[in-house]
Structure formats: structure tokens, C-alpha cells
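Below you will find one chain, with nothing else, as C-alpha cells; this is the form predicted alone, and questions on how it binds or moves follow later.
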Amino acid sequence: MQLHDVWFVLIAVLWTGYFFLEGFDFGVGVLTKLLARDRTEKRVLINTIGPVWDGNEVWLLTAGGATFAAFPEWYATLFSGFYLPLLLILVCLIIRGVAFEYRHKRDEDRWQTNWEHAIFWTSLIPAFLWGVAFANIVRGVKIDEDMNYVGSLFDLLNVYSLLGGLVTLTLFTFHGAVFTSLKTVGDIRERSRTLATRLGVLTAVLALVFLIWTQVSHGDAKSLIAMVVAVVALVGALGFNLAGREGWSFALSGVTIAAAVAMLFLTLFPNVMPSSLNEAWNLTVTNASSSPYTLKIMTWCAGVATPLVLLYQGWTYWVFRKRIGTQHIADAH
């Protein structure tokens, strides 16, 4: 395996980590409207992800930075062709971070309500758009012989990609509901388990259609194995949720996300961004990568830094591992 292949795998791992971690806090953000009955319960939901949401976004920064350094042609074509959707995601992430920090700064009802609306929409929109983006990458987009995207925004809004967006939105919200039941006590825990069951059924239907479509159109034996793992894990997550085993349910919903991302990257390889105009114009791990020397330096840096980041983030989750409920929320001023 050459270094550009190694970095393709590492980037897939980074996106898997991002969707696993940011997926549940996107889901919790959406649940502030779907699950919480009053402001106190909204504060409970936000507090479950309060210590970790910003750390989860580090995975996105690392994935983007690794793509820029390891596959500059892929990065350039992706970020120019998908400019508007990615800009919208970026704006949402900025507003979302501000909303978490500013919501509690003033006690006025209107002030807090506006920031709570912002948390909901800036969680829902990226959760949907990431699915649209990755579905288009797998499907192939209009790339010419100079590695430039020559399509329009409306070319990205096709049935397959919109279905992919619905899958990520429902899957992340299900993942968030299971996380909520794992991190809370009392009535909100029971209601999150009930909602997770409903969301899980809807997710299973949408995901099965999307994954089968992907496998038939672009898959091989390896991607078929990943698809089976994703489906079995999702069914298992639903079963453990019904049995009240939140830990196992959360772990398996994470496996579902990891297997689904693995399937998408397996259908891509050795391409990183297929051209729908001409297969000869596909961006591949070979023609889109940096020099071997650059990849070698990156590999050494990643080998040193990655374990430290994982240890620190793991320690953060351990420190804030306890469940919370409405009884832990102090009264407003």
C-alpha cells in the first residue's frame, strides 16, 4: 500500500470520527425542538453536549486540513464545485457555536428563544447537507479534463443526493436520541428512548433504500460487506434501545455510521471524486495527491499528534460521563 492509499484511508477514518461524534450532537440540537417540552429540558439537552461539541468539530478541521495537504486537487475541486453548500455548512457551524455560548448570557425570553431556534436550524441544515455532499461525491459530478467542476448548484440537487441528505439527517437524529437516553435520567430519558424507536424505524427504511441504490450503482464485494454491517448494526441498535440498553444501542448506532461511511469510501476507491462526464477525467488517489515527500512528512506528524488528540478527547468524555436531568438544572435568575 502506497502513502496516497494510506492517506485515503486516514481521511475516511477522520470523516468517520466526525460523523460519529458530531452526528449525535447534531441530533441533540434537532431534538431541542422534537423532544424538549420546556426551557429546562432544552437546557438538559444542551448540557449533555456542552462539554464536547467543540471538540467534536476538531475532526472536521482535521479532515479538511488532511484533504488539503494530501490531495490538493481533490480539495480544490470539491470546495470550488460545492462552494455554496459548504459555505452554508460553515455559516451554520459558526452561528451554532455562538448560539451555545450566548444563549445563557441574558435572561430575556426572546433572547434565549432566538438562540434556541438557531441551535435547531444550524444542527438540522448541516446534518442534511453533509449527506447531499457525500452522495454527490459517490454518484459523480461534472468535472472536466482540467479537474474543474463545470456543473451548477442544481446539478447537486438530484434524487439520489437528496435521499442521502435525508438519511444522514434521520440517522444523526436517531444517534442523538440514543445519546440523550444514555446521558439523562427521569422522564426525558424515557421519552428519548420512545422517540429513538420511531426515528430508528424511519432511518432504517431510508437507509436501506439509499444503501441498496449505492451498492447496485457503484458497489463491489467489499462495499456489500460494509452495507450488511451497517444494516445489522442499525437493527441491533433499535433492538437494544427497545430493551433499555442505551450503551449498546449507542455503540451500535455508531457502528452503523462507521460502516455506512466505510461503504461510501469503498465505492469511491481508487477515485476520490468521479467525473460524470468522462471516466478518464476522474480524480483518483494518484492524480489528485501531493508528492511522496509531503505525504511522508504528514505521516510522521500524524503518528505523533493523533494519539495525543485521542487521549485528550477520551479523557474529556470520561470526566463528563455522568447522567443529568432536570433536577440538576439551576433555576433561572
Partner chain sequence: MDVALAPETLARWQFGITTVYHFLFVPLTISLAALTAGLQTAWVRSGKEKYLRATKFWGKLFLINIAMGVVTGIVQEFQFGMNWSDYSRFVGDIFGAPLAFEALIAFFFESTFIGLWIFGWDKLPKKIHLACIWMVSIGTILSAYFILAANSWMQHPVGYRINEERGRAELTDFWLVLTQNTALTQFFHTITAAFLVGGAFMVGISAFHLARKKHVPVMRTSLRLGLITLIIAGMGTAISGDLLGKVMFKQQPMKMAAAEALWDGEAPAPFSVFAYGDVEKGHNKVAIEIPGLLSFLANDDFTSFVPGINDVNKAEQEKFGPGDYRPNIPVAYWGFRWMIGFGMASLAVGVLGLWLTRKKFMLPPGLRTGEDEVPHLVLFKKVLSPRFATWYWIVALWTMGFPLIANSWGWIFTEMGRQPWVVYGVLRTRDAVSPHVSQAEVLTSMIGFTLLYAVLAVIEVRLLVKYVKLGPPELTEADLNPPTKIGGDDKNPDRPMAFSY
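Computed from a prediction, not measured in an experiment: that's the story for all the values here. Positions refer to the first chain, counted from 1.
One more form of this protein exists, namely the form predicted in complex with the partner chain; it is left out here, but the text below deals with it.
A.B. asks: Among the candidate stretches 228-236, 91-99, 204-212, 161-169, which one is within 4.5 Å of the partner chain in the model of the complex when only heavy atoms are counted?
C.D. replies: Checking each option against the 4.5 Å cut-off leaves 91-99.
A.B. asks: Thinking of 61, 105 and 327 as the candidate spot, does the partner chain come within 4.5 Å of a heavy atom on all of them in the model of the complex?
C.D. replies: Yes: 61, 105 and 327 each sit within 4.5 Å of the partner chain in the model of the complex.
A.B. asks: Quick one: is residue 57 in contact with the partner chain in the model of the complex, heavy atoms, 4.5 Å cut-off?
C.D. replies: Judged by the heavy-atom cut-off of 4.5 Å, residue 57 is in contact with the partner chain in the model of the complex.
A.B. asks: Give a yes or no for residue 277: in the model of the complex, does one of its heavy atoms lie within 4.5 Å of a heavy atom belonging to the partner chain?
C.D. replies: Outside the cut-off, so no.
A.B. asks: Although the partner isn't part of this model, could you tell me whether residue 194 comes within 4.5 Å of the partner chain in the model of the complex, counting any heavy atom of the residue?
C.D. replies: It does not: once the partner chain is placed as it appears in the model of the complex, residue 194 has no heavy atom within 4.5 Å of it.
A.B. asks: Would you please decide whether residue 148 lies within 4.5 angstroms of the partner chain in the model of the complex, comparing each non-hydrogen atom pair?
C.D. replies: It does: once the partner chain is placed as it appears in the model of the complex, residue 148 has a heavy atom within 4.5 Å of it.
A.B. asks: Just one of 118, 255, 86, 138 has a heavy atom within 4.5 Å of the partner chain in the model of the complex. Which one?
C.D. replies: The residue from 118, 255, 86, 138 that makes the contact is 86.
A.B. asks: Considering the partner chain in the model of the complex, which of 262, 251, 76, 124 comes within 4.5 Å of it through any heavy atom?
C.D. replies: By the 4.5 Å heavy-atom cutoff, the listed residue in contact is 76.
A.B. asks: Can you name the residues of 283-297 that have a non-hydrogen atom within 4.5 angstroms of the partner chain in the model of the complex?
C.D. replies: Heavy-atom contacts within 4.5 Å come from 286, 287, 288, 289, 290, 291, 293, 294, 297.
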